[in-house]
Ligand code: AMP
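Shown next as structure tokens: one chain only, the form predicted on its own.
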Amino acid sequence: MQYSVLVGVYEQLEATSKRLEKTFILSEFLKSADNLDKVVLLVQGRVFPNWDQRELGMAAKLLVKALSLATGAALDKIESVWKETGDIGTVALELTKKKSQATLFSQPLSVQKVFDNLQKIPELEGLGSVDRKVQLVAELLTSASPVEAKYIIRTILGELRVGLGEGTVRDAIVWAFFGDKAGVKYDKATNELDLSDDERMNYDKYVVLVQEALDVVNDFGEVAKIAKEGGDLLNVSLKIGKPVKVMLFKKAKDIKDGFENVGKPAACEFKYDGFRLQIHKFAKIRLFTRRLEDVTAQFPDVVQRIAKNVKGDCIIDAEVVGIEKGKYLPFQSISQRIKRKYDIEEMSRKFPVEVNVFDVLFCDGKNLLKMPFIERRKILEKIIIQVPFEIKLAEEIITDDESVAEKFYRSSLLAGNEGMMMKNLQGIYKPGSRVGFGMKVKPTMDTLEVVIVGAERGEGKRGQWLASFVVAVRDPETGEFVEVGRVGTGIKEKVEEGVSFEQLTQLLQPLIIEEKGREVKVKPEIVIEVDYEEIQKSPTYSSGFALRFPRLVKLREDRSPEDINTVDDIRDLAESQRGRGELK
């Protein structure tokens, strides 16, 4: 397939803001697309599936070099135009229109060629690797039409801007390959999906089918391919060594609300203030964070404990907590271990951890996702050899008594934990879902987890740093990020005091995708936790809400942008303020 065909789809998608119309455009394309597994990734602006740790990792400055090499334009001219337009993709389009380099040997780009060149980028390491990366991109740009150049640049930056959320891609797979069975009847003139109540229930059944398969395999391309070939999505299984989305939990108002949601009796567990690890034990051991990052190398101590104290091949879900003299430490005390690349052995001694195992997804060849929680817990009791302060099962009681649950909850807080989990004994494991099989009980209103999408350069003594950060939550309907405010407090000027302006600047600098004056737009990747005084209605931000006096609490390197709070959460929290006075 020619890349120009895919680019034509990008342009159609970018030309409409209507979600159903986007779904229709993409579904029609998928029906006849070649290289389906690759096309489904590229249409999301990706070249690797969610579970794959490889990243292109090319900052905009390198793309400026590639553009110069491909078009003959001077570096300073490209940077000047980029700062004027704020979009290096648009710069690529304009420069390619009037490129001065000879293109006698260029040929039309294929999807395969674009995909192959981009996938080679992370493989290049060592001396001269930066130049070779630039050459791989320049090779594509030399053969690209102006509009193709624009989308190649945007794909590399991970900022395609065609408005495709994961939900839209999922629905497009349903429309393309289950359209007749699901009863899809899209009226393009009215932009409506015309379904009766019964038809809607049938349609939703196929949406759930595709979503559950996606949650297990974490690969839109693989799911689309299985669907097109008539494979069995209902029974796609876990693959040990390949991470799966973890099950998420809603927040209960209190213990009574928790019981109402999960039923009685319920399993009550300590809710630890650590970070989540999905542990795969087979011929080798691999550790994945909640955002599916492989952190095996950073935790040799955990690897040793798993090898010694876990029986058989399995996938287990655990919370790793900092521990000192038998007492639990807050998340910040061990968070720096997640990204550590050097002095790892020293860090493991300096910041020891305890592994608290609370679930099992796969054991000795058996997929346990549909097994009731109470049975999964029994399996854990058989396969985990518990060693105090090293590895153990999460503290648990089973009760139907609110006073007993309250006492257990208080004991968890006294031990230095965040609160308590309450779980339905018959609940299955639903990857990626907050479905009510488990609830978390915490003593205070939740802080918010948000992603940084922009920043402003500081002035005066903060002139060398980014100093004010635009934050966003996720719109669950479109998958896009909508702004809720700016954060400038809670950030330290000295690195040794906590999360600093310098640290955030270093993290965000490679993610800059637009730059206008002192304002920059960044790829949404860095997640932070914030608290705030209240939530107000606001026309200023795209969410329709604004956080009043937001303050950074901590950096959440264990969270991905897909894990952050949604605009629905903001709306619910705003409504809950009404008891304290009308929402402003």
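Note that the structure is a prediction, hence the values are computed from the model and not measured. Note that residue numbering follows the sequence shown and begins at 1.
The same protein also has a form predicted in complex with this ligand, omitted here; what follows describes it.
Taking a 4.5 Å heavy atom cutoff to this ligand in the predicted bound form, the contact residue among K65, R559, K523, K38 is R559.
With the partner removed from view, the residue among F270, F299, F469, Y151 that has a non-hydrogen atom within 4.5 Å of this ligand in the predicted bound form turns out to be F270. Proximity of F249 to this ligand in the predicted bound form falls within the 4.5 Å heavy atom cutoff.
Taking the partner from elsewhere, K239 is found to have every heavy atom lying beyond 4.5 Å of this ligand in the predicted bound form. This ligand in the predicted bound form is approached by K423, whose closest heavy atom lies within 4.5 angstroms of it. In the predicted bound form, no heavy atom of A176 sits within 4.5 Å of this ligand. With this ligand left out of view, the stretch that reaches within 4.5 Å of it through heavy atoms in the predicted bound form is, among 270-278, 205-213, 379-387, 76-84, 270-278. Taking this ligand as positioned in the predicted bound form, the only residue of 364-403 that brings a heavy atom within 4.5 Å of it is A394.
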